[in-house]
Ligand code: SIN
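First comes one chain, alone, set out as structure tokens in the form predicted alone.
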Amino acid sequence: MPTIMKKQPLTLLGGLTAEQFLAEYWQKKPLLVRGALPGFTGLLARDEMLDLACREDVESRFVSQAGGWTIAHGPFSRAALRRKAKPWTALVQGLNMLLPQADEMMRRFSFIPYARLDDLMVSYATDGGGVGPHFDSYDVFLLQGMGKRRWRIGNQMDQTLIEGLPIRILKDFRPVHDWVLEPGDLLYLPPEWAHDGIAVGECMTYSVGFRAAPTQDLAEQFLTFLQDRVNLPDRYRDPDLELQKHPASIGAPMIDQVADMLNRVRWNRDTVRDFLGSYLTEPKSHVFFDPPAKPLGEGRFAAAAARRGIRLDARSQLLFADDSFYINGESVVVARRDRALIRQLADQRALPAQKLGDVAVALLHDWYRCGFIHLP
């Protein structure tokens, strides 16, 4: 896992330091880097990627331009893909959860907090293929693998979409930059920068995306989170009920009393912290963990960890806020003496061979039995 130094120029960022990139580009303007990953041609071959699109446990899409825009969701069959009229694009989400080298590449962007990191997507396109001019509401790094892709981008205010299409395509796309990316080149795009990527010959592009939840979604998820944590005693009472002129009227005393009852719902910064810890680490609906078939006992696990170290499963998300820790949607209590160790595991995604404390062994052994961590 790379460690990002504040003053260290990064080839990935064209010689900028992480601090410079955050100050000058992040959520402000695009950045094109030629040769961001010298010698990079991709993480997997075309056929390997298309095989992933055929798996039931993988989130995939297929976008076709032949005879009008269409979109389909996987799993697909290789025979069906071979029969598709060109040009077309196949996309696989969550490659970082499927290939160790994909997770390793995604972690090169650790100068952005993991709490913002979503996943690594790979797309394969035939010559001329793409998904049309559109805009995203999140930050993305586009890394070119095999082949070439032409990117046209623009910062237009008009985000009107063509009506009646199954995918979001801008009605009046007005690019201000036009670049052809070759293997190893990188393009960073802030949210809502319109862009259109067209394959020049067949090509594969790797996209590292960062989540940016809408306020409405955060509010809805927070209220759901509160639902299981609110405990309000008593119930509605009206011993002084007076005769109403209209029996169908909701009386002012009822409205006032219920308003007072609901005003007793309280939350504070700690509540919001725990909500974010749960929300940001919650696995996606199609993600499941694989516990070891024959798990080691706690003692043998501790001895193996001391010899070999441990690593987080690629599907695991471990975050912390101050002295609070969260893994895969759950809040966990970590003893004071073990907090530095678990923070190291969260940051580096692995722990080197070392002797673990008694409390840490019990916690990590539980995660091991759940499939959240592994012995290399």
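Residues carry their position along the shown sequence, with the first being 1. Predicted, not measured: the structure shown is a model, and the values here were computed from it.
Below, we turn to the form predicted in complex with the named molecule, even though it does not appear here.
- None of Asp127, Glu182, Asp136, Glu282 but one reaches within 4.5 angstroms of the named molecule in the model of the complex through a heavy atom, and that residue is Asp136.
- Comment: the named molecule is not present in this chain, but in the model of the complex one of Leu170, Leu117, Ala302, Leu142 has a heavy atom within 4.5 Å of it, namely Leu142.
- Contact annotation: Trp151 falls within 4.5 Å of the named molecule in the model of the complex, judged by heavy atom distances.
- For the chain shown alone, Leu98 is not a contact residue for the named molecule in the model of the complex, no non-hydrogen atom being within 4.5 angstroms.
- Interface residue remark: Leu186 is not counted as part of the site for the named molecule in the model of the complex, having no heavy atom within 4.5 Å.
- A residue is said to contact a partner when one of its heavy atoms sits within 4.5 Å of a partner heavy atom; Leu91 meets this definition for the named molecule in the model of the complex.
- Here the chain stands alone, but in the model of the complex its contact with the named molecule, taken as any heavy atom within 4.5 Å, falls in 143 to 151 among 68 to 76, 143 to 151, 266 to 274, 221 to 229.
- The putative spot formed by Val131, His195 and Ser207 is fully lined by the named molecule in the model of the complex; each residue has a non-hydrogen atom within 4.5 angstroms of it.
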